[in-house]
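Given as structure tokens, the chain that follows is alone and in the form predicted alone.
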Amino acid sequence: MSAFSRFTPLVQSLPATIPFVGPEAIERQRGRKIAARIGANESGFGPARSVLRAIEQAAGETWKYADPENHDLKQALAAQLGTAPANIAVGEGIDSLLGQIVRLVVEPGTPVVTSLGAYPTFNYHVAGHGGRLVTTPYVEDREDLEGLLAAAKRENAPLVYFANPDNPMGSWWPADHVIDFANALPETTLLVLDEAYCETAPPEALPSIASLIDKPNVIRTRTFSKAYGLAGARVGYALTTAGTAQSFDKIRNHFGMNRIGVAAAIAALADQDYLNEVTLKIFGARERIASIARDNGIEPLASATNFVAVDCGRDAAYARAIVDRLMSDHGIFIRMPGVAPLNRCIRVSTGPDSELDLLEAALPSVLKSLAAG
């Protein structure tokens, strides 16, 4: 008997995939420590001191499971967002919620619409449940709403994924366009509106909570991993109708949330002064990354996220060479989009001045060495 015959045919057909190679793995592969960790869209500014105190206080009770109903976190989110706790589902980061959403909808062969080059972890979940990805290309470095709508209707797709603001390009659509897109989708199509970067977006990019909360075929996903500085805590949430939110209870890991992470998220919501402070730092870092790029003759794209995509003006091989040389020669970790034509760019996360200082010093020599080579 084959060692793998115990697995389903679907699982046997899939490659073992890690959508993102982590900086720790890169350190192991390269044998070099990372000096500037500005590639994973984390917040190098970290969480608020009030959150760190909450983590310390919660650590002594980490022997307990977290509340499987996530009552206190839902109450805190509802109060902050102006909605009801019943409209909220909590999960282990957006990545976990995306997997649950796909599980709710996708069967083998189900068409799922997304943008070519958009967040690869969503695609990973679709493949894992046997879905059939249908992609539409970016237009002018933005996800193409008309293309997504046309594909969803053409395929009679029960699921479509759209991120606003977008990863990996940092682009965004105004709220009225997003609402029109959601309203134009067939009622049979569930929209995943990924708003992981909502705290760093301009206000005009975000539909109000009330504008979409009554649509059972819209799920908005958000996270504490970006502006709140809690990527390692793995706390995300979904906003939707009460009926759709309750559907998560059929399949979620009811004891999946960690107690310390939940305490950290509740404390983060209570410290909006820090959120305002850190978003200003993110805005400033975006401007500095853009300035560093322009000073080196490459073009930053406008961004509504905590990173900046930079058009290197050539092809994927050149962008990859910049990414690799920054790491191998200087210990600077950045990433790049994975699909043409987006992969002509590199992507730099915002971070403290000390790390951007390293980028500013290293980038000219990397570009010079590539030009000489």
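A residue's number is simply how far along the shown sequence it sits, counting from 1. Everything numeric in this text was worked out from a predicted model, so none of it was measured.
There is another form of the same protein, the form predicted together with another copy of the chain; it is not shown, and what comes next is about it.
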property	result
Listed residue that, although another copy of the chain is not shown, lies within 4.5 Å of it in the predicted complex (heavy atoms), from Ala157, Val178, Ala267, Ala89	Ala157
One residue of Ser211, Thr279, Thr241, Thr135 in contact with another copy of the chain, assessed in the predicted complex (non-hydrogen atom, 4.5 angstroms)	Thr241
Contact of Phe255 with another copy of the chain in the predicted complex (heavy atom, 4.5 Å)	yes
4.5 Å heavy atom contact, Leu206 to another copy of the chain in the predicted complex	no
Residue contact check: Asn164 to another copy of the chain in the predicted complex, 4.5 Å heavy atom	no
Any non-hydrogen atom of Glu140 within 4.5 angstroms of another copy of the chain in the predicted complex	no
Stretch in contact in the predicted complex with another copy of the chain, which is absent here, among 279-287, 77-85, 97-105, 142-150 (heavy atoms within 4.5 Å)	97-105
Whether Glu42, Leu52 and Leu190 all lie within 4.5 angstroms of another copy of the chain in the predicted complex by heavy atom	yes
Contacts with another copy of the chain in the predicted complex - residues in 21-42 whose heavy atoms fall within 4.5 Å	Gly22, Glu24, Ala25, Arg28, Arg37, Ala40, Glu42
